[in-house]
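Only one chain is included here, represented as structure tokens and corresponding to the form predicted on its own.
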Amino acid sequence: MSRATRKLLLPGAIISVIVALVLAAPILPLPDVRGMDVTNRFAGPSAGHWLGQDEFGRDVLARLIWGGRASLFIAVGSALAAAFIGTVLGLLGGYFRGAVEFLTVRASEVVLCLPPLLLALLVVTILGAGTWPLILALTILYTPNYARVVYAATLQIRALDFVTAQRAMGTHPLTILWRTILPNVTPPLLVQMSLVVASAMVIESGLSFLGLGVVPPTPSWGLMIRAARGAMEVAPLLLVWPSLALAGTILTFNLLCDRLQSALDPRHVTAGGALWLRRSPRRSGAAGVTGNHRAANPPLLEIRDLSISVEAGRQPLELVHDVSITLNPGETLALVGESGSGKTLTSLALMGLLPDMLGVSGGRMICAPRQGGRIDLAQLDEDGFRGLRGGEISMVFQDAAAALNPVLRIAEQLAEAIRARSDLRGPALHSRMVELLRQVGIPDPERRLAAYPHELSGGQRQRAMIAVAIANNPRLLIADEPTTALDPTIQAQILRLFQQLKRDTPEMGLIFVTHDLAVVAEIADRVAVMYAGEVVEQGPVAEVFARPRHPYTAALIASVPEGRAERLTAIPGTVPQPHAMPPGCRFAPRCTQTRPACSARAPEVSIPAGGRMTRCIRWKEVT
């Protein structure tokens, strides 16, 4: 038993006793809560009445237990109702943003403008006093609190890589909300729950004290405090018992929820995952779904004059400019360049995963799906991309630790990817998952299916991420620097894995995003060199590396040991910012071979013989 679990025992036991007492009130041997014995009013504790009798001679202990039943029912009921409604509003608003955010979170926040007690009084005044009007009033009062907490947590989590990976697999947004985001926003929800229950009990007691809550003769702690206030001089203990019950229950509930937060948070649990996720992996796994690859004469992907811009005031700011790339079936194309060159943005545009403020502002991205025809990815909306992700186009992200959901086992994440594109269930699904892990080189795949991402090594996590990406045999696989965070030995293993995948699926096209020229030489057929949002050179890897036709490509090769230069040379300066692009050639300020003509106008794309492409007016001299 972990330390976090042991801390739950005391508050959990106290709350269990309180709940058991109030639930068992009808069957306990208690006196009638409405039975009066006026001759013994204000009598002290006795063998027949352990806590004494009130101003009408009624048994205080019986009314205390039955009063807890009413108070807890109202507080917990309103807290759960508000939690459900507020969580739905917060998830939808935080994930979809825009008009959905306005209609959910922003609309609910109108309630926050009203004082809590006055709002509750308004509802009770309109609907009348009683248990259900009070629950409705408290639900309306606390729903915005939940919505704001869940909204803030959803905004934070939706930007993480493992949520983006779920979208890349083609998972439906509602499934992402339920399976991926909701488990990760639960810990702050528990804290909010404790606060709401405590506050609801106080407000219920206050309204009952004012005569606007629970209607007599039904007992509640607020009514007991109200009645005892008028008899403080005669029987002060009558005020002590309900006050102790109210304060003790609130404090214990707060303590329980505070410790539950630590116990249920998967980030704080290292032995087997969070409490609520410690279950045996479902033995549901999958017979292989083998795509019927057929030779395609047209290119697998044609990118023509692609531009990506960000909204920056009245004038959009262009981050990627006129990128043109062609990828044939079975070919591996490497996108190379420094950080900020536009490699990752281009690959994210192919998946429809650009950040909210960015969008395709020009050009086409023509894809050839399995079923035939041609699809312009630049014209697709989210529903259109969701139909292609996972099955036609898939992506391996740079940091597998961030791309894999930390609260789900590997089996669950693989199964989710497979079920998004097939109807496999049961033993067939399990077989497919074992086959995938074996295919990507994970030892003991049966055991690794039951592991959480944090229980795998860095190389195994990356292999598991690749297994998720190829689960449905995509025609186009995009790998965004998948070896960057790994040590050299593991990098070599991952590269060999990609080479083996290409041999196993000869019709699959691969776009490999990297800044490592040694990786390009080992894995790619063709290379596209990007600088400041433009493709400056493109061609077969061997020819580009042997005879570069752009100064930037030559400078990159000269700056790495693999370039075989007698002396390594650093490229001076930095990549220009999008809002401060130089006139003419964007590389001119850093180029050692620049001429006045280079800054006079933007260079035209030159396409020399042999399938080469360069964006340099002096490419013949450079060569």
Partner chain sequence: MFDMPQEAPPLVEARSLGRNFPARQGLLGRRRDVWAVRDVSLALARGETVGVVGESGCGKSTLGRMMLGLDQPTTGHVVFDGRDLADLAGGERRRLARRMQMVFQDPFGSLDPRRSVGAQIADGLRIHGIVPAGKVRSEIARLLDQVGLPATVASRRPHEFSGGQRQRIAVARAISTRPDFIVADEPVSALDVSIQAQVVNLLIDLRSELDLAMLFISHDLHVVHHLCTRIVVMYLGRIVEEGSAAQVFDSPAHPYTRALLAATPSLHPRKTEVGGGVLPGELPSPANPPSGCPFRTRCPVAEKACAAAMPEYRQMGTGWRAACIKAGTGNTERRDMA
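Positions refer to the first chain, counted from 1. The term rigid core refers to the maximal set of C-alpha atoms that superpose within 1.5 Å between the two forms. Everything numeric in this text was worked out from a predicted model, so none of it was measured.
Below, we turn to the form predicted together with the partner chain, even though it does not appear here.
Which one, 567-575, 592-600, 36-44, 65-73, holds residues whose non-hydrogen atoms are within 4.5 Å of the partner chain in the predicted bound form?
Contact-bearing stretch, as computed: 567-575.
Does the partner chain come within 4.5 Å of any heavy atom of residue 329 in the predicted bound form?
Residue 329: no contact with the partner chain in the predicted bound form.
Find out whether any non-hydrogen atom of residue 299 is located within 4.5 angstroms of the partner chain in the predicted bound form, and reply yes or no.
Answer no; every heavy atom of residue 299 is more than 4.5 Å from the partner chain in the predicted bound form.
May I ask you to check whether residue 96 falls inside a 4.5 Å heavy atom distance of the partner chain in the predicted bound form?
No, residue 96 sits far enough from the partner chain in the predicted bound form that none of its heavy atoms falls within 4.5 Å.
Does the partner chain come within 4.5 Å of any heavy atom of residue 315 in the predicted bound form?
No - in the predicted bound form, heavy atoms of residue 315 and the partner chain never come within 4.5 Å of each other.
Counting only non-hydrogen atoms and a 4.5 Å threshold, tell me whether 489, 499 and 557 all contact the partner chain in the predicted bound form.
Yes, each of 489, 499 and 557 comes within 4.5 Å of the partner chain in the predicted bound form.
Using a 4.5 Å heavy atom cut-off, which residue among 359, 362, 183, 77 comes into contact with the partner chain in the predicted bound form?
Residue within 4.5 Å of the partner: 183.
370, 304, 179, 438: which sits within 4.5 Å of the partner chain in the predicted bound form by any heavy atom?
Flagged contact: 179.
For a quick check, can you give me the residues of 140-169 that have a heavy atom within 4.5 Å of the partner chain in the predicted bound form?
Contacting residues: 160, 161, 162, 164, 165, 166, 167, 168, 169.
Using a rigid core superposition, assess whether residue 183 undergoes a CA shift of 2 Å or more between this form and the one not shown.
The answer is yes, as the C-alpha of residue 183 shifts between this form and the one not shown by 2 Å or more after core alignment.
Under a superposition restricted to the rigid core, does residue 159 display a Cα displacement of 2 angstroms or more between this form and the one not shown?
Yes, because once the rigid core is superposed, the C-alpha of residue 159 moves 2 Å or more between this form and the one not shown.
Following rigid core alignment, is the displacement of the residue 515 C-alpha between this form and the one not shown equal to or greater than 2 angstroms?
It does not reach a 2 Å shift.
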